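Here's a solo chain for you in structure tokens, the form predicted on its own.
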């Protein structure tokens, strides 16, 4: 059993492809995660060489075009533990065939890649509706998310277009990523420090009004928890105002 241990980047997988073709071997597993190797396991650490990565990237583009490159490495956003192996396998087959094979759904690797990318796209689409902003004391809008996949930069342009000239922060709590918009441009940074968020004095009251509205539009006779769980998975609710603890009073100045 051959395992390629790569950095969790596009360049890592491209260099793994180069190693595979030069050594004339196909690894069983390509991963960036820590794992416990077995006795029959040969582990190779793949180092990044930008010149080699660029060379393999040009080969992929020549084989299947820019669209192949985009489809392959879109999957790196996934939290799927086998994403690197799937990306490598599809890329390797496309390089051997010298054409784009990603729509060949008879191949299990192509199906896996499609399913991984679909989960990423579906979550990004959902969070455009599930994300909730809170107004902070300085007037900047703040939103928390804890997505399964790395999608913060996929959803941020939607809100920049939806709320032009507004300043906002979208905070990915799982990955310690913050996407900032100053009203003109977007910038994503990684931070290991906790963010201190001071809400505007009226924010709690507006949240209470929204919760009241949410409660009153619910038709009790048609309450369907199973359908609600399908349309709105529970893992997203901890960051949504509708499902936060209720307040008893409203106090507007």
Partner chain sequence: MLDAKRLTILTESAKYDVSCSSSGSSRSSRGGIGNTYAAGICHSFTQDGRCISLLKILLSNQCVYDCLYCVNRRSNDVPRATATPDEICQLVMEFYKRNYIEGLFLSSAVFKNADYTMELLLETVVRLRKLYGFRGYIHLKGIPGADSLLLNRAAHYADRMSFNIELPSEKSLKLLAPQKSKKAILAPMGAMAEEYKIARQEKNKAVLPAGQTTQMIVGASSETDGQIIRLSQALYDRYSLKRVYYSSYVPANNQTSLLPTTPVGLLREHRLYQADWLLRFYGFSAEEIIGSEQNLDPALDPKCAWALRNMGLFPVEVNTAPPEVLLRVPGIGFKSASKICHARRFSKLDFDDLKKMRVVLKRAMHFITCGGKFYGQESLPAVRTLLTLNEMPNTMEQLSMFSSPDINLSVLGGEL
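Residue numbers count along the first chain shown, from 1. Small disclaimer: the values here were computed from a predicted structure and weren't measured.
As for the form predicted in complex with the partner chain, it is not shown, yet the points below apply to it.
Taking the partner from elsewhere, every residue among 115, 135 and 227 has a non-hydrogen atom within 4.5 angstroms of the partner chain in the predicted complex.
The partner chain in the predicted complex comes within 4.5 Å of a heavy atom belonging to residue 163. Not displayed here, the partner chain is kept clear of residue 73 by more than 4.5 Å at the level of heavy atoms in the predicted complex. At a distance threshold of 4.5 angstroms between non-hydrogen atoms, residue 221 is in contact with the partner chain in the predicted complex. Looking at residue 99, you'd find a heavy atom of it within 4.5 angstroms of the partner chain in the predicted complex. When the partner chain is considered in the predicted complex, only one residue from 61, 186, 199, 209 comes within 4.5 Å through any heavy atom, namely 209. Note on the interface: of 99-107, 78-86, 145-153, 178-186, the segment with non-hydrogen atoms within 4.5 angstroms of the partner chain in the predicted complex is 99-107.
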